[in-house]
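Here you get one chain, nothing else, as structure tokens; it is the form predicted alone.
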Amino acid sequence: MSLQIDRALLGQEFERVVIGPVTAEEILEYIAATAEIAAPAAGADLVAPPTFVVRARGNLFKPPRLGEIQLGFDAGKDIEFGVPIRPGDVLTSLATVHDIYEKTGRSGSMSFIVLRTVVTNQREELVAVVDQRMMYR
């Protein structure tokens, strides 16, 4: 079964979210919860772990214009990191449909949608580009 998706969705913004300012407490809570990095020494320059950026993604798991298509399976993420996130940063995330493609595997036809979220800070510096692949059957 081929998924019929309007390719006019490619490149169109479907969500913009502003988060922040990020607090030192949020960063420290994230570090404690994930143990991704060691807690910084007192007085050290505090930066968020790289994966903190996924918190800046919006709340929509698919563009509203996809209509009746049911939520698919997470098929992975690629993250390109930019400048680190520091306390006081205000993050803006902009989500678009980046790609639509099909593959045929052992279990049949699969359709993929790549949702791209570009995150910048208040200085318009690139914080991250997150490509989220969703698979639909």
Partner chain sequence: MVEQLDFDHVDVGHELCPLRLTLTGEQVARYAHAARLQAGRFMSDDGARREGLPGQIAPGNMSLALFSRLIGQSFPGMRLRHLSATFRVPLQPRQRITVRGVVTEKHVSDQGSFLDCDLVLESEEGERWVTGTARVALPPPCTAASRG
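Residue numbers count along the first chain shown, from 1. The structure displayed is predicted, hence computed values, not measured ones.
Form predicted together with its partner chain: not shown, discussed below.
Put simply, A33 is close to its partner chain in the predicted bound form: some heavy atom of it is within 4.5 Å. Among residues of the shown chain, E29 is one whose heavy atoms approach its partner chain to within 4.5 Å in the predicted bound form. When contacts are judged by a 4.5 Å heavy atom cut-off, P87 does not count as touching its partner chain in the predicted bound form. Shown alone here, R55 lies within 4.5 Å of its partner chain in the predicted bound form, counting heavy atoms only. Residue-level contacts in the predicted bound form: of L46, I100, V83, M110, one residue has a heavy atom within 4.5 Å of its partner chain, and it is V83. Residues from 97-126 do not approach its partner chain in the predicted bound form: none has a non-hydrogen atom within 4.5 Å of it.
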